[in-house]
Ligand SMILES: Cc1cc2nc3c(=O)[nH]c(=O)nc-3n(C[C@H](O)[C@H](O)[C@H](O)COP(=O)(O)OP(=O)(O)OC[C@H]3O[C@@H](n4cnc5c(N)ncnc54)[C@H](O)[C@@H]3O)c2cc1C
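Only one chain is given next, in structure tokens, and it is the form predicted on its own.
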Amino acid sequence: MRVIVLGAGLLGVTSAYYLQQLGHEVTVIDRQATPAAETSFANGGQISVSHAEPWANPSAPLKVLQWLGKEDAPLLFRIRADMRQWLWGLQFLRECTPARTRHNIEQIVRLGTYSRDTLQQLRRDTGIDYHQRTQGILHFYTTQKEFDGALKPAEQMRALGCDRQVISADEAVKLEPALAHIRPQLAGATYTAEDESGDANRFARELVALARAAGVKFLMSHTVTALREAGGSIDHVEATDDEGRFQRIRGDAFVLAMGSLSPLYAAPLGIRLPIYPAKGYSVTMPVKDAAKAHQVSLTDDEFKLVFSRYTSAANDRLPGRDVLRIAGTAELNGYDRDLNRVRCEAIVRRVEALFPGAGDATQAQFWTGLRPATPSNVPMIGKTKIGNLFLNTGHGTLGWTHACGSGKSIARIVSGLAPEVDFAFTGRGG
């Protein structure tokens, strides 16, 4: 079949790769000049199955109320006259019950474990390099309340096959000596040895090169303007290139992988996707003192931050440097892309408090991107009511973690095959 993939972020690129592997003629369309140039550009870099507790959980409503109006809050609802935001917020509250949280963790862990395995197999098969680190992920807690709150979710994750071990503060410092500075503050930690980290943008670029060599066509700098339906199916996509020239691009099947823009393209077709943009931030800074900088990828659950370390690519803003990448928080403020310096500086302050002198904050590079969040944190993968339109979107903060498993699964669904993972796929895809 001729399959058109809309979007060249992590989800679009992995979808295209696995569709080609199953014998399809694949074309990818994206408005940017390079792949993974938006949400996937400067993300936290974690392949984190252990990061499976959704934002919507029993403790969230009180926290959200406490954080309202605080510019540096980990999760900030910036109230707007936006019906989609309000409806999303109501759905978010419904997902905060213990039963829904347990259900959503189950879905997120199953997909995450499968996706991590799929990524590792891809690495063995192709030798793809993205400055990966396979030292696991350590979640650390600087308050007893946050640590206590992590114990039940960690237990559920272990029961589902994600080996997230609860460890003491001393064991955490032994695993990551850079935490010694805050040892008196550490209440405890969890450690998942199988989790990984790496440069997601580099991964996407390298996978595009492999896909191109295999025959996948990439129409970059092409802006999709509409999906046109005829007779109950998508007939073609309308797009303009970087010189404004209009094109109709036809296919037999279409995969919508456009992140937070997905609901805007689905709505005219009568498909309502519960996806809202959650603006995330990242700070990238060169390592100043290697002895003080972390080696293991870390998660600071209280402040909703993740910490990775890698060597930046030659075409990055800090070329060839050993860098720290700190990313996280979420701001629900519509499609606003403005960089909020208050939030960026709050991340830098936290880094300095945890690892003073480790990074060169004077050379910090700030970034923001819109993550496609569902109220449950469970992504939307599978069929729609339109027979030849498929979804691979709504991955929120876990797009990198779930990319390979989602891409392989949607490729199998498009091909009429059953997915290899027990997950709540949309439509009849499960």
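Don't overthink the numbering: it's just position in the shown sequence, from 1. Given the structure is predicted, the values throughout are model-derived calculations rather than measurements.
Although it is not shown, the form predicted in complex with the named molecule is what the next lines describe.
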One residue of G112, P277, G280, P263 in contact with the named molecule, assessed in the predicted bound form (non-hydrogen atom, 4.5 angstroms):
G280
For the named molecule in the predicted bound form, the stretch among 393-401, 380-388, 63-71, 357-365 with residues bearing a heavy atom within 4.5 Å is 393-401
So, H222 and the named molecule: in the predicted bound form, are they within 4.5 Å at any heavy atom pair?
yes
Please check if G44 has a heavy atom lying within 4.5 Å of any heavy atom of the named molecule in the predicted bound form.
yes
Give a yes/no on whether A257 approaches the named molecule to within 4.5 Å in the predicted bound form, heavy atoms considered.
yes
Are any of the heavy atoms in A52 no more than 4.5 Å from a heavy atom of the named molecule in the predicted bound form?
no
In the predicted bound form, which residues of 10-36 put a heavy atom within 4.5 Å of the named molecule?
L10, L11, G12, I29, D30, R31, Q32
